[in-house]
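So this first bit is one chain, no partners, the form predicted alone, shown in structure tokens.
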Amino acid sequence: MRSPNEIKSGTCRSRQGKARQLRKIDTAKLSFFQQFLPIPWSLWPSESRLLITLIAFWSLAGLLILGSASWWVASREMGDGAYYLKRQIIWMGASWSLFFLVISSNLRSWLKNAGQGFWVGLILILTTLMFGRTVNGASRWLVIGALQIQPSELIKPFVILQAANIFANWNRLCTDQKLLWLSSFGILLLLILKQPNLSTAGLIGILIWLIALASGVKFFSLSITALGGLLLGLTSILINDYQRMRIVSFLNPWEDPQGNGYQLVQSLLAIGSGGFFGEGYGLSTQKLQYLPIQSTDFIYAVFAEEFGFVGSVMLLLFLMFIAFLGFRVSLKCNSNQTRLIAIGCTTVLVGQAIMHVAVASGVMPTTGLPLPLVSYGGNSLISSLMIAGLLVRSSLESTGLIGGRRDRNTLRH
């Protein structure tokens, strides 16, 4: 039986062997795909390889689900059943390009520019309140030519990065810096609530709170903050009539099934119609203009009707496995900042998906929250794949083969 010292020595020799193998690589002989990635696929940690494989599967499955959910409505309204699917594929290509850019870039550069990205996002959210396009009583979009920009989606990766920046160094920051960034996070949440967008504000608030908790901030201070956030959310519900009506209809949607409870009732009918094994791919009936916004906020209901209880359980198990991999990556990270980034990315990807499922199944009040990598929309795709890229990059840097002083230039030496 090998002693602990022998095991440790063997591990060190293994890492040194990988490092030597990296130094011997001739980049001129690498394929384009290998040159674009930080290290060759064979040297990726198992978590990274699993994550990128699962994210690719998630993206492809999302296109199939969106194609089914949108085809009939697109045929009726646009004259082309593949209208939404074609646009989503274009956005998917752009988003995957950003994904590969993120995993091939050092996290230090992203952390260095996180503050600027955060401020730009904050200004754009403020701009939506003055010049944004209003849909269903909410001003969340900026229209620039043919593009619709949703800053509250695009700011999520920079919130993760800047929160990791701040809370990883919390004990070394002076009081002025702490107050500045806590106030900035608070202003962000207030502006998103003003749009109004309670679900996104709640998700970002939970994200910042969990990153602070993981960094070791005192629980008493976090408890006071959580109470303040809860009061802020209740105030928003009391001020905004449509949010208050959604809460009332959520408690008993059958009281007004043709009015305020219509969305949730149709979603529940779709999920219930799926039974145990589902109606089959493409055979949902609720998507035939019975279920509102079936391609975005309620796309899970179409999925549940077509794939049934078994498909829904498989989806939840898939999300649990993503969460397991994400937190496993965080445990292997060598720096506090990288660890907090991994926790934040996992929280957004899995947390938003679970919240979407909860809304569609009546566990949470009806609110607009897309299912990552599945719901129609370029802003959500870009944000989700950038966050996924940060998670994979965190895993790559946890090996010690890249990151720090040994970044992507390692391949050239």
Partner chain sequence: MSRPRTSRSRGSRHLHHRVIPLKKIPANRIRLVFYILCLGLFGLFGRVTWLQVLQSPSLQARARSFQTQRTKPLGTRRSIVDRNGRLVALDEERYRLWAHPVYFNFPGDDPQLTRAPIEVARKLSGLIKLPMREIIRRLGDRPSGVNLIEGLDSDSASVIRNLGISGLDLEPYPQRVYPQGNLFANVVGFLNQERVPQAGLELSRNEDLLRNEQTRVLRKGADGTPLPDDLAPGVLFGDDLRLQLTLDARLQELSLRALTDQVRQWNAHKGVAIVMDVHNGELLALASTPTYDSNKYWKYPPARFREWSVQDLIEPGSTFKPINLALALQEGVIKSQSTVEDNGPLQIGGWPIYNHDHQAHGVIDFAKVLQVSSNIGMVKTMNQLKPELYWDWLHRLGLNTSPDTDLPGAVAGQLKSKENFVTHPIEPATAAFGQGFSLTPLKLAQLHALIANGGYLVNPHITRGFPVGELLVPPNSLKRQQLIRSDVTQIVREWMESVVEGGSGVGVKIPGYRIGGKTGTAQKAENGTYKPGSKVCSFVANLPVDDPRYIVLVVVDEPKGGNAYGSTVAVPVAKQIIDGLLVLEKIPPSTSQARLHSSTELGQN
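Quick caveat: nothing in here was measured; it's all calculated off a predicted structure. Residue numbers count along the first chain shown, from 1.
The form predicted together with the partner chain exists for this protein as well; it is not shown, and the discussion that follows is about that form.
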query: Candidate spot S273, Y300 and G362, all three touching the partner chain in the predicted bound form (heavy atom, 4.5 Å); finding: yes
query: Which of 84 to 92, 126 to 134, 275 to 283, 194 to 202 sits within 4.5 Å of the partner chain in the predicted bound form, heavy atom basis; finding: 275 to 283
query: T346 within 4.5 Å of the partner chain in the predicted bound form, heavy atoms; finding: yes
query: 4.5 Å heavy atom contact, I354 to the partner chain in the predicted bound form; finding: yes
query: The partner chain contact in the predicted bound form: T296, any heavy atom under 4.5 Å; finding: no
query: Contact label in the predicted bound form: W72 to the partner chain, heavy atom within 4.5 Å; finding: yes
query: Contact assignment for the partner chain in the predicted bound form, among W96, Y242, F327, W119, heavy atom within 4.5 Å; finding: F327
query: Single option in L154, L210, V102, L189 placed near the partner chain in the predicted bound form, where near means a heavy atom within 4.5 Å; finding: L210
query: Neighbours of the partner chain in the predicted bound form among 195 to 219 [non-hydrogen atom within 4.5 angstroms]; finding: L210, A212, L213, A214, S215, G216, V217, K218, F219
